[in-house]
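What follows is a single chain, given as structure tokens, in the form predicted alone.
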């Protein structure tokens, strides 16, 4: 399995926030991750990416145990983060945004997905490649952030609230593109999202966390048979 988390206990200053969080992701699967503010969603993502130390547990990426690795080492192995708030260089053009990251990947020998691939996967970026990133619409900026995250050799996408600030029709378009890209590239993704209905449309698996403990962890089909709101 591309990504496995086993009994993760993690927190801040040695104080646990997560209580034995476990999940698995197969190639191309999207895991929709829900929970109220402060429930532990971002802490889980930080533990997977290595931004905080795990107190106990394991993180395995493509068969390699990575929980003792630095953030840089995890990024080199294909962890890709699309942070909340649109991770783009606002003063650069779309082309320059992509070229900067593409050049770093070429230098480091990580170029499974290159600039031409991103333009093919996300045609709106090709259409707006001369535009200044900060002048794009919110949806287009999120598409650019997704394109940047895809550059290199992605093994797992970590998507944190990509719908923030977007109109409903733009959310549907962005989520549809995320699903299309994940299936096409067979890249798994964790999607932290507060727009539950929209996220469920593209999810393969669903997790709900409450006070650091997983209260639901199952398939989309299992999630659709219950009232998810009872778990919040």
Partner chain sequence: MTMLFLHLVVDGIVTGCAIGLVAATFAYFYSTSGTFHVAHAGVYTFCGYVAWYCTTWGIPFVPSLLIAMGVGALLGVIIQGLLYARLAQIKASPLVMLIGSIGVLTVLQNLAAIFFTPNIIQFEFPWRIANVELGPIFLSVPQLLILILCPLLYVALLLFSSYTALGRQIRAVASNPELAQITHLRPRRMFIYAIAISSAMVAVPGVLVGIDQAMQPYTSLIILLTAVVAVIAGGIGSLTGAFFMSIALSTIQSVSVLLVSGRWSLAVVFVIFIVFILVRPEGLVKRKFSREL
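The structure displayed is predicted, hence computed values, not measured ones. For the two forms, the rigid core is made up of the largest set of C-alpha atoms that agree within 1.5 Å on superposition. Residue numbers count along the first chain shown, from 1.
We do not show the form predicted in complex with the partner chain, though everything after this point is about it.
**Q** Check for me: heavy atom within 4.5 Å of the partner chain in the model of the complex, for each of 72, 99 and 135, yes or no.
**A** Heavy-atom distance to the partner chain in the model of the complex: all three under 4.5 Å.
**Q** I'd like to know if residue 124 sits close to the partner chain in the model of the complex, meaning any non-hydrogen atom pair within 4.5 angstroms.
**A** Contact with the partner chain, no.
**Q** Give a yes or no for residue 91: in the model of the complex, does one of its heavy atoms lie within 4.5 Å of a heavy atom belonging to the partner chain?
**A** Contact with the partner chain, yes.
**Q** Quick one: is residue 76 in contact with the partner chain in the model of the complex, heavy atoms, 4.5 Å cut-off?
**A** Yes, contact at 4.5 Å.
**Q** With the partner left out of view, is residue 49 within 4.5 angstroms of the partner chain in the model of the complex by any non-hydrogen atom?
**A** Within the cut-off, so yes.
**Q** Pick from 36-44, 49-57, 166-174, 184-192: which stretch has a heavy atom within 4.5 Å of the partner chain in the model of the complex?
**A** Of the options, only 49-57 has residues within 4.5 Å of the partner.
**Q** Is residue 73 among the residues whose Cα moves by 2 Å or more between the shown form and the other one after superposition of the rigid core?
**A** No, its C-alpha moves less than 2 Å.
**Q** Residue 158: with the rigid core matched between the shown form and the other one, does its Cα shift 2 Å or more?
**A** No, because once the rigid core is superposed, the C-alpha of residue 158 moves less than 2 Å between the shown form and the other one.
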